[in-house]
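Given as structure tokens, the chain that follows is alone and in the form predicted alone.
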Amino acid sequence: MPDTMSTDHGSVPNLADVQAAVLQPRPTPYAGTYLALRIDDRRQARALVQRMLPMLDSVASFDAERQVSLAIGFSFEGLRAIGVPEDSLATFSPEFQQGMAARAAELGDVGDSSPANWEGPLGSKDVHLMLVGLAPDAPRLEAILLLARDALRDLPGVATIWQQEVFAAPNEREPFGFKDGIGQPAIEGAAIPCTNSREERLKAGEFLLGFEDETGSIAAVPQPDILGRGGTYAAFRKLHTRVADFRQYLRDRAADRADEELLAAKVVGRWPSGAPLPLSPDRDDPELGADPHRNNDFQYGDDPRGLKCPLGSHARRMNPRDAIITGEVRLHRMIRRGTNYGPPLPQGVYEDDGADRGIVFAFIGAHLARQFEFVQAQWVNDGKFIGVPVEKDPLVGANDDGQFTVPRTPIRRRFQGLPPFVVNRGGEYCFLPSLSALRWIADLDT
């Protein structure tokens, strides 16, 4: 087995070898499907990978006009099930080897979000292979899913065990009613536009294994090199949103409708249109929110007390930018992709209608511990890094009678009794191999 530290890998990724879904921005709007598969016969699973390879675009070959993509990821148990040798499996990160359910304590998956309450089979050892299809509309999604189903035909040793339909609305708003998907990192060599002129591009090694990262080194690459290089880790979570509870909480503590909207924006860090509070602290600005050249082009340095955007707001916690915090922001950046599921709760409704709605969240990055798990543990579920140790993220934190402070002069506003507005219904850590790695997997003879 080669050494786990790769050498002489350069700093520019081969975009013709990276699955398109890893780096390619999603279309707006879009329809999508998550499929979880169980591998009962490794040779049939390899045949499936072989059949699907022609359907997979790389970042370089992605058709920007067609905007249709299909991606493949494996859980740790999935790599084992398809026959990746044990000495190779031992070179993956410890967090990936353990899986998301085993990391519940670190991730704040407690109470209603604990693995004991997850939707089956999520979090079980049966989730081996994840397929994700995305397209601008349902007909084009169905066309690519038909190809995937054809690939599965005559392979009874690979079973579909879970399916989740997802979508992004034309206004790009998540179930709470706020525009989502703003503020993705710019990456060296990825040819993806930077939307924050104040942020330098991050090293490719933050998002792809086998390349130099922000620490100036190359992280351990799963071996053999053809398996790990150009791949990355993903964490997906099905997050149920308690939209009616969120609206009721705000209404009960607001002086009037305008105050309710302001408090909601303070919790999120943006207005519903996507306009960021640092650029528009007092009122929504739909024109700003809709402008991709301006709605992410800001920092927090001129707002050290959080008078415009609260220190503990969701958006500021997810990416503190140049704010004064404990730690180095650039070491914890990640690609975040959230997509809706379930019917939206109509505007003006404050009572829960019993429908299951939420977000299927996906993290993509080369460092599960330093990026995804750190942000969950420190930025979402602990306020020490911003000087408010008793507060968690007011929107997605594991709150139980939580607290949220809105700085204001002359007297701050402090809100008590925050319940959990988001509940994790289950998820998994996956490895997204490069196209070369998928060919290597398909050719295994173990």
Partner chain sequence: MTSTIEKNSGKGTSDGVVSELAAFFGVKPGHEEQLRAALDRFVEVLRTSDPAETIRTGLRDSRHVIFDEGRQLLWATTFETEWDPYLEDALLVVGAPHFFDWMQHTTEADVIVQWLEESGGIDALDKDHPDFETNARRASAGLKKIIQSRQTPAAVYFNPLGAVTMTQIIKGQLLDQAFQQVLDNPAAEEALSHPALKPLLDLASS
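Numbering follows the first chain given and starts at 1. Predicted model only: the values in this text are computed from it and were never measured.
From this point on, the text means the form predicted together with its partner chain, which you will not see here.
> Taking the shortest heavy atom distance, is L89 within 4.5 Å of its partner chain in the predicted bound form?
Residue-level check for L89: no, no contact with its partner chain.
> Heavy atom to heavy atom, is P27 within 4.5 Å of its partner chain in the predicted bound form?
No.
> Is there a non-hydrogen atom of G402 within 4.5 angstroms of a non-hydrogen atom of its partner chain in the predicted bound form?
No, G402 sits far enough from its partner chain in the predicted bound form that none of its heavy atoms falls within 4.5 Å.
> I'd like to know if R305 sits close to its partner chain in the predicted bound form, meaning any non-hydrogen atom pair within 4.5 angstroms.
Contact with its partner chain, yes.
> Just to confirm the contact call: exactly one of 378 to 386, 40 to 48, 58 to 66, 411 to 419 touches its partner chain in the predicted bound form at a 4.5 Å heavy atom cutoff, so which is it?
Going by heavy atoms within 4.5 Å, the stretch is 411 to 419.
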